[in-house]
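Let's start with one chain on its own, the form predicted alone, as structure tokens.
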């Protein structure tokens, strides 16, 4: 059991509250620094995608977790950032210029989307963001002078200063550390944003718009701010996404991609920025899991069936059936649906919420109570006095 005695107001402002944070994050930092030199290229590539998805998760945590606004159109913001980078790069603009430019352009578009959506909430806001995503997808397909339409756009190797030889190929450690550094910077900025007056206003709007308005919070201003910040961070992720894939086309930025981003915060946990990273790890590793289910598991299932006395032909057919399940069309979408249902019903706080429960159990042991996180039954006003 850990006891922390606070003797200074500055202790509440520290990002790393006690020694446990220092050694745990130190071990994590050491692993991430050594990873590109000790892991194979495939795993390092998957880690880069984790960083990119986690960036989008951070942006959605600010919008949905902090402010309570829901969006299913973040694939469109990712597309805007990616196409801005690709177009400016084709004009000879260096990365050091088009990276912040993509964030600014995407943030401005996010602001323009937020203004007409100010009066919307709940399912109506979700529908509006879906409509926006469809509009951007269609614009990307039709505006051939900028996006090359459905033929797609090639994105060259990242050149930091433009023509000076400082390049960061997508499969080299330099690009890995760039993505990692941007993610760490955005997480730190988001943590400080949550503790700032703007972040407090975001959370007041999330908890109760009526109460926030009564305290003098300008609802329209802060909702637009939230959308703008979230879109700008997603635009940064779009630039990295474009360079990692080296090719972008309109069909890459579909509603399914927006759904993946929402799953990042649902699975990871919307209650904290840690959830954005945990959810990104989970989502990125679904594809390797399906590959394993398709390629390796059938042989293992056949071997197990043989051990239990099944005929060789029967065992082979069972293994083939498992392989067909892994490669079936729509299997990924079905798996997404099952995962969302599972987490909403059994773990609404996500992986990070589960980790907090486990950590609190050990911190309070043996005084932990099973009812600590038990959901309280709620009543409508007409039932409270019965």
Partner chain sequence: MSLFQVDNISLHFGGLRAVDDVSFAVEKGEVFTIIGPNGAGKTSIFNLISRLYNPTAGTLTFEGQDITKLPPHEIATLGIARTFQNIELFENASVLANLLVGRHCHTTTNVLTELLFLPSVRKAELAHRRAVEQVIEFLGLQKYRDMLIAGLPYGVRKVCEVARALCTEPKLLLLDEPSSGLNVEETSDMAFWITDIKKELGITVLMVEHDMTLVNRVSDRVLALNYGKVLAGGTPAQVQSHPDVIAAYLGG
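Numbering follows the first chain given and starts at 1. Just so you know, these numbers come straight off a predicted model, no measurement behind them.
The protein also exists as the form predicted together with the partner chain; that form is not presented, and the subsequent description refers to it.
Novice: Quick check for you: of 74-82, 203-211, 243-251, 92-100, which stretch puts a non-hydrogen atom within 4.5 Å of the partner chain in the predicted bound form?
Specialist: Flagged stretch: 203-211.
Novice: Select from the listed residues 217, 160, 108, 285 the one whose heavy atoms reach within 4.5 Å of the partner chain in the predicted bound form.
Specialist: Only one listed residue qualifies here, and that residue is 217.
Novice: In the predicted bound form, which of the listed residues (189, 146, 104, 166) lies with a heavy atom within 4.5 Å of the partner chain?
Specialist: Selected residue: 189.
Novice: Just to confirm, residue 87 within 4.5 Å of the partner chain in the predicted bound form by heavy atoms?
Specialist: Residue 87: no, not in contact with the partner chain in the predicted bound form.
Novice: Can you tell me if residue 13 lies within 4.5 angstroms of the partner chain in the predicted bound form, counting non-hydrogen atoms only?
Specialist: Contact check for residue 13: yes, within 4.5 Å of the partner chain in the predicted bound form.
Novice: Report whether the minimum heavy atom distance between residue 225 and the partner chain in the predicted bound form is within 4.5 Å.
Specialist: Close contact exists here: in the predicted bound form, residue 225 approaches the partner chain to within 4.5 Å, heavy atoms only.
Novice: Classify residue 197 as contacting or not contacting the partner chain in the predicted bound form by the rule of any non-hydrogen atom within 4.5 angstroms, answering yes or no.
Specialist: Judged by the heavy-atom cut-off of 4.5 Å, residue 197 is in contact with the partner chain in the predicted bound form.
Novice: Has each of 6, 9 and 193 got a heavy atom lying within 4.5 angstroms of the partner chain in the predicted bound form?
Specialist: So, yes: the whole triplet contacts the partner chain.
Novice: Could you list which residues of 91-106 come within 4.5 Å of the partner chain in the predicted bound form, counting heavy atoms only?
Specialist: Nothing in the stretch sits within 4.5 Å of the partner.
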